[in-house]
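Single chain ahead, written as structure tokens, the form predicted alone.
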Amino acid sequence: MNGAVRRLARSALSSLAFPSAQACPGSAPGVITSLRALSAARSVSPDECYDVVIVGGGMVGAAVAALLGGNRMTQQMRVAVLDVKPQPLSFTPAPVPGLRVSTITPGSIGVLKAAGAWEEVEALSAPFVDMQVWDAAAPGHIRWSARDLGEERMGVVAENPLLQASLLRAAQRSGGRTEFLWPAELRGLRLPDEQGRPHPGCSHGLAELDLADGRTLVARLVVAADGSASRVRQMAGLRTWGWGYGQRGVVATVSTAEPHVTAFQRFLPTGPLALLPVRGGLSSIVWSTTPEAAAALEALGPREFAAAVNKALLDPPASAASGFAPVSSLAEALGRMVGAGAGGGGGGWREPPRAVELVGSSPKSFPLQLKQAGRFVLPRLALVGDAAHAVHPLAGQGVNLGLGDAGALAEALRGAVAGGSDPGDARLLGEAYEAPRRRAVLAMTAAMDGVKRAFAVQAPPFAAVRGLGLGLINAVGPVRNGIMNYAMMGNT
């Protein structure tokens, strides 16, 4: 009896969360539905009715759940997080950090704080206070410092499993009504049409999710957080556009001659190579290169891999031996002149620490691509993270864009609660979530793709001019800092 009373109370609260929205099957707007009415509509158990069903328990899906559970306006929403396999609710750091890491910017740190996960992430991540970018084809660099932006740090480097577990645990302890349903495989999805009319065979205008174990879940909103190959997106009939880069990203962990707090990135003829600080005084390698070169790197021994990293990072610019050295000298002279009267020049170039050897797991690689969904929302559906957009990792913005999605969607749903609106209404989702996120994502995608293509041109004249541009940007403080402020905060 007590269990039945609790279920009745839970169902009532679920309906009260959005009093003007359509409730679970058999209800009408503004009406609190009884358990009997809910069950009568399609033989759906009231325990299978949710305000929000998040498909995908990775970092971004976990962030949506934690943000909803941690906000007093949305914590009464009944939320389910589905995944095809159990996801980790704890993180035990290994002696050597894992291969998959993310650079977390101040904008994303704000999302983690709101979600209640930041303290755990901060304790096991490595800060970086400077960033240096330079070219292998010509002299010229840009060096940013957190102090120039009035910040304590430019961000942190955190392991992806740490981010995921911290966010899932935050959702679990938030005091909200979040349930983890795993293992649970999605086999079918039914959504209303563009006008909000029920899917054929449904007696309501809500979303229905068929699971492999025979259950059917009913939801006011489905959140697709199931990655770049999203099944939810495919089931909803949403198309994507984009292209492959014909490259692979090699990830590895190395020890260095000394620890550091700088995010180094050098643009090589085959793609960028990043050396990032991680916990334990070690460094993470993220190296974009050709498939052939990636396979060769993965086959190297610990010392040989470190030697390849050192050669790529420390070899002199190609133009030093070309006939375009005068252009590089001009860049340096102009940089000193402009920097003296335009907000001060950036820091001088600093040699990155030498890699000593490969540590931990062997290097792994993954294909690089750009992919965008044509739409981020439909009635009763919102795409977040890689399900909506996948970008080149050269600036480490993929996870930051996804956390920005999570923050924007949670805010849109908070506004729906405050206004008594339907959380799955396509117009609300389009205006409060899709429009601002599409602008942010497209701007960042265009910037990153443009940078990647600009550095891919290796012709000496173009490389020399590019080096000149880097030197000038480094010299002009407002321009240099404006670019980094956008990268640090623009994704959210």
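All of these numbers come straight from a predicted model, not from anything done at the bench. For every residue, the number given is its place in the sequence shown, counted from 1.
The next section is about a form of this same protein that is not shown, the form predicted in complex with a small molecule.
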property	result
Partner contact for Ser102 in the model of the complex: the small molecule, 4.5 angstroms, heavy atom	yes
Contact label in the model of the complex: Leu186 to the small molecule, heavy atom within 4.5 Å	yes
Ala65, heavy atom within 4.5 angstroms of the small molecule in the model of the complex	no
is_contact(Thr216, the small molecule) in the model of the complex, heavy atom dist at most 4.5 Å	no
The single option of Arg78, Arg279, Arg231, Lys371 touching the small molecule in the model of the complex, heavy atom within 4.5 Å	Arg231
One residue of Val254, Ile142, Leu162, Leu82 in contact with the small molecule, assessed in the model of the complex (non-hydrogen atom, 4.5 angstroms)	Leu82
Heavy atom contact within 4.5 Å of the small molecule in the model of the complex, the stretch among 134-142, 67-75, 397-405, 373-381	397-405
Heavy atom of each of Val60, Gln87 and Ala225 within 4.5 Å of the small molecule in the model of the complex	yes
